[in-house]
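In structure tokens, the next block holds one chain alone, the form predicted alone.
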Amino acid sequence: MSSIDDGIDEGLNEGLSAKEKQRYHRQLIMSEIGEAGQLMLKGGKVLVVGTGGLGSPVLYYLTAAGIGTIGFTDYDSVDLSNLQRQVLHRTPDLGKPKAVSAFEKLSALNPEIRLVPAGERVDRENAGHLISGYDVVVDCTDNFPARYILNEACIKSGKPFVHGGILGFFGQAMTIVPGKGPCFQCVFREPPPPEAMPHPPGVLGAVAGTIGTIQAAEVIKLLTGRGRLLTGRLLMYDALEVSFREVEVKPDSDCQVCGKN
């Protein structure tokens, strides 16, 4: 797999073209973004880990918003059971690598940006390499080990990390900014025991859409410097009650990742 025409790289640090001004018109007329903010998005580099339930809405909205470079990695292939919630993929994509399927949809949506697909599984050996060169990392994984690995790699490299998680009718989101609040492990010191998690876990597809959309908005705010981030705040969503609850979370001085020692 290769990214979209490398010639696009030359235009990422230039002004907006007439076509881009038309494409992003509804963002450009917002005082919080404007042309200056759109240029920040154009110059931004974001890595999305996972192209499934959360990754689908995150990637769609970041691509549509005009993030200049979007990397994404997923080692899995499209399965029929994915299609209930992973809206980036289609029935004809069954058996296709998810990174390939995602690249096809996103390049069709916005050929003005650079897409960097990869088919790697995140582990301690490659995490640092995967996130290098990106401004923001988005957690769209479906397992706790990958989240802890990404959190640690982002803290070590000083990169913001936008977490999202879903289970059943419930979801949560939090943005980790190194040095400006708690990290993922401050809040979740240890992963839940395997027997505490259903396998496979049930998930309402619409919940993935809600949390993924929140994650995408956090990325846009990070890149443009606008608004208040979910830093030090764990946002929890209950689709059954249609309610949001916010919990203040603080750094843990004894945290093994970002603590004093």
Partner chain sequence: MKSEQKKLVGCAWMNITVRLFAGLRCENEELESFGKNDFEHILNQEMNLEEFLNYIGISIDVAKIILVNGLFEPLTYVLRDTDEISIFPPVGGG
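Quantities reported herein were computed from a predicted structural model and do not represent experimental measurements. Residue numbers count along the first chain shown, from 1.
Another form exists, predicted together with its partner chain; not displayed. Remarks below refer to it.
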Point to revise | Non-hydrogen atom within 4.5 Å of its partner chain in the model of the complex for each of Asp76, Gly133 and Cys183 | key: no
Practice task
Indicate whether its partner chain has at least one heavy atom within 4.5 Å of a heavy atom of Gly225 in the model of the complex.
Solution key: no
Would Ala36 count as a contact of its partner chain in the model of the complex, using a 4.5 angstroms cut-off between non-hydrogen atoms? no
Would Asp142 sit within 4.5 Å of its partner chain in the model of the complex, counting heavy atoms only?
yes
Taking any heavy atom pair closer than or equal to 4.5 Å as contact, tell me whether Leu28 reaches its partner chain in the model of the complex.
no
Partner contact check in the model of the complex: of 216 to 224, 38 to 46, 64 to 72, 51 to 59, the stretch with a heavy atom within 4.5 Å of its partner chain is 51 to 59
The one residue among Arg147, Arg114, Lys159, His89 placing a heavy atom within 4.5 Å of its partner chain in the model of the complex is Arg147
Only hit among Arg124, Arg121, His129, Arg189 for heavy atom within 4.5 Å of its partner chain in the model of the complex is Arg189
Applying a 4.5 angstroms cut-off on non-hydrogen atoms, the residues of 104 to 124 near its partner chain in the model of the complex are none
